[in-house]
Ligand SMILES: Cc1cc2nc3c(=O)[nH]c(=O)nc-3n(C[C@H](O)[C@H](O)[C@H](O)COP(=O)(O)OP(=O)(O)OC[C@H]3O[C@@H](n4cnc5c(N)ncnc54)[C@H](O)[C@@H]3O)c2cc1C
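The data below hold one chain only, encoded as structure tokens and taken in the form predicted on its own.
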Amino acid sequence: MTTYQWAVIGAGPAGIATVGKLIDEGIPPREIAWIDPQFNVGDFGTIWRNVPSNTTVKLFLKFLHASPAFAYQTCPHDFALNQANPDETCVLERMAEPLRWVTEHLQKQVQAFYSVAEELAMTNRHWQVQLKNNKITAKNVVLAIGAEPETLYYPTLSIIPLQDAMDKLNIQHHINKEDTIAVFGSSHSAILVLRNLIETHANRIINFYRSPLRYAVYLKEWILFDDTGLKGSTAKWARDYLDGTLPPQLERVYSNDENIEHYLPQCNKVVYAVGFKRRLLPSIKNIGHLNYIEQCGIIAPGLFGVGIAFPEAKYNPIGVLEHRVGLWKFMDYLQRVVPIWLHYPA
């Protein structure tokens, strides 16, 4: 059985960046096993592709040019992203297209396994990775497994999946003129959902929120509320229609027991936009509760986490701890932590 120096589980943006940075740090590509069932840029390139980003085009381009292993400057395709206004945001599909090219470019160099990692086990200082129809051995493993939407539990309501509610085309298939739709949340995702419902002429919407809207503020050297604040067209819409003139079919109420008891029975459908949770991990033998060091991604000897499932925690200049999620943030993080990982093997 071939023993790889590194196995990377997941081929979304964080997995792509990880493979690139490992090669940049001198790991021979054929000693990297890359595991994913589809190799289609993860959820970013599939279920979220029609969603507007809160990342500017110039940061997407910065990501694509940050790893020499990507060789993006040699790409023969002039993707729409390359021609977009660098200071504006775009739908995620604009970035997913070049990421598909980068994925194919990297796949030609590493050992790609179209499969799901079902179990990890440490044996003789090596990780045994059980795939659906195969088993591989690696000295080190990186989990770039992504996340999925959190949900609440109100069984009397019909759930509109968040990925459909955030897609202006798909949401139309879930609503009709008699609906009263509950939307839980006040983050970027929740505001996108509210905007889509308003613009598709939903009959009545009740937004249950727990905190006031928060906006990113671009300062000279940093961004206030960079990871939690609204940005771009979503921020503008929220200022105009939520903190400005509320649309007549929308009500916003604080999400406490009293308001839920009063307003929720008036609803027949619901969208939960209350955050994301780490995707179900492969079973990891002899490791109980899975903790990771939030400043460097170390989980265990030779086992590391990255991406939205294991985001970096960092204090901003005014001392607020934020979890950094975003493509450029993943790349910036990996540039700093991969050299550390190389010195912390199993």
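Throughout, we count residues from 1 along the sequence that is shown. Computed from a prediction, not measured in an experiment: that's the story for all the values here.
Note that the form predicted in complex with the named molecule isn't included here; everything after this is about it.
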Margin query: Tell me which stretch of 66-74, 25-33, 288-296, 303-311 has a heavy atom within 4.5 angstroms of the named molecule in the predicted bound form.
Written below: 303-311
Check: Is there a heavy atom of residue 279 no more than 4.5 Å from a heavy atom of the named molecule in the predicted bound form?
Finding: yes
Next item on the list: Considering only heavy atoms, tell me if residue 115 and the named molecule come within 4.5 Å of each other in the predicted bound form.
Entry: yes
Check: So in the predicted bound form, does any heavy atom of residue 92 sit within 4.5 Å of the named molecule?
Finding: yes
Notebook entry, point to check: Does the named molecule get within 4.5 angstroms of any non-hydrogen atom of residue 317 in the predicted bound form?
Noted result: no
Note to self: Please tell me which of 229, 232, 247, 146 lies within 4.5 Å of the named molecule in the predicted bound form, judged by heavy atoms.
What the structure shows: 146
Notebook entry, point to check: Quick check: do 14, 37 and 42 each get a heavy atom within 4.5 Å of the named molecule in the predicted bound form?
Noted result: yes
